[in-house]
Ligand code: ATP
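Okay, so here's just one chain, in structure tokens, the form predicted on its own.
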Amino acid sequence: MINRLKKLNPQFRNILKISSRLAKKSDYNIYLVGGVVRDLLLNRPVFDLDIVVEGDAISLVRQLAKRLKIDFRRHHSFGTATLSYQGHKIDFATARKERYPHPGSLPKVKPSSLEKDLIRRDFSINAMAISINKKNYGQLIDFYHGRRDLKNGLIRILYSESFFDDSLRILRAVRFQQRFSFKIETKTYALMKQAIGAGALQWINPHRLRDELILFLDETNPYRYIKRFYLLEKFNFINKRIKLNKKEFNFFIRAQAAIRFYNKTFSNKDKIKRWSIFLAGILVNLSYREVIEVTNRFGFKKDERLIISSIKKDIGKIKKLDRKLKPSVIYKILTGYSREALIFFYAYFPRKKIRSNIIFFLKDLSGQKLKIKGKDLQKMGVESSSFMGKTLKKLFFLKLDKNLKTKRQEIKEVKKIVKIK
């Protein structure tokens, strides 16, 4: 595995080098674990690191942060610490064992060995480690046959109560199955269906479900993920009235294409929350009140709630775009919506005129601003602030409809509005 570690970026290699030295001084053992090991074996890119310490992880990170002159966050109850280093996130955790007081609860943790730390993980392919200790640097540690399952393309849990202890693993099983085009191992699938039948996802704190759902829907091309999960659980954990048919699944396919089109065409725009577009599609057949209840119960942020609720509330309004309209009318219909909502509407309505009007808004209208200012109106004798506001608003819509380019053209139109010679 040494050659694979050499493929990590220089920043990561530097972190491993310093961490290894500090661990040796403290008489700790230290390991790369989880997804990073899996991705190295699959020759996939690595963006973040997960490190387990047989020792005091927080103490080790404190030394590391001091050496690198950076800050870090710690979580004493779990014995974990996180630092950000040159744009990357590195998580450190004290090797621990877990006990779940009841199904779906957060675990009680105690310091333990690497072997017991790895068996508490979700699947065998995520339960491997690579030593970064000087004595056996680069050695793969695979107590639970993760490499074999990786080779055979299998998603396999590590113990029979896994889905009951943490039923978020149901979502993760589907996510990893679809991401890697793997199969869910037969016994694992049976136990997963058993947990689904018992309603295990209902036992999880909604905020934890929210975070896992965002990861699920933020995968590349989530159509397959959504379809596969709907066949298993129908998203009952969100709302039992959710119904997805051919129309909705076709929407998810178009949404994937719409997001790619947006990112290619508007690469200079703000990064979008892709997952919110797909969540809005899952919720689209619920009532507005039910959508609000879902977004509140799961504790989405205010802007995220607004994206999803505005889509549901105004989806019918977008049908007005299905005809030739003046630019100012297009602007009035679409202004105020998030980029995510506009992409949703573009994907949801495949009508050519609606789509062309949305593109026209994004390309030519949304960034428009007047060159003339309030102080210019004052110089022209406009004193009333309310009249000034109405004048600028009227001028703005004229700018859109007449395609005014210069300040001189705007001043000419203002003179007509306020009847100045």
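In this text, residue numbers run from 1 along the sequence as written. Since this is a predicted model, take the numbers as computed values, not measurements.
Quick note: we don't show the form predicted in complex with the ligand, though the next part is all about it.
key: Of K227, R208, K320, R297, the one that lies within 4.5 Å of the ligand in the predicted bound form (heavy atoms)   = By the 4.5 Å criterion, the partner-contacting residue is R208.
inquiry  = I need to confirm a contact call. Of D149, D142, D122, E233, which residue comes within 4.5 Å of the ligand in the predicted bound form, counting heavy atoms only?
reply    = Contact with the ligand in the predicted bound form is made by D122 alone.
task = Would you point out which of 244-252, 304-312, 321-329, 172-180 contains residues with a non-hydrogen atom within 4.5 Å of the ligand in the predicted bound form?
result = Of the options given, it is 172-180.
inquiry  = Residue-level contact is defined here as any heavy atom of the residue lying within 4.5 Å of the ligand in the predicted bound form; does D166 satisfy this criterion?
reply    = Taking the distances in the predicted bound form, the answer for D166 is yes, it comes within 4.5 Å of the ligand.
ask   = Looking in the predicted bound form, any heavy atom of D364 within 4.5 Å of the ligand?
value = No.
key: D56 within 4.5 Å of the ligand in the predicted bound form, heavy atoms   = Contact check for D56: no, nothing within 4.5 Å of the ligand in the predicted bound form.
request  = Find out whether any non-hydrogen atom of N126 is located within 4.5 angstroms of the ligand in the predicted bound form, and reply yes or no.
outcome  = Result yes; N126 sits at the interface with the ligand in the predicted bound form.
request  = Using the arrangement in the predicted bound form, list in sequence order the residues of 23-41 with any heavy atom within 4.5 angstroms of the ligand.
outcome  = Counting only heavy atoms within 4.5 Å of the ligand in the predicted bound form, the contacting residues of 23-41 are G34, G35, R38, D39.
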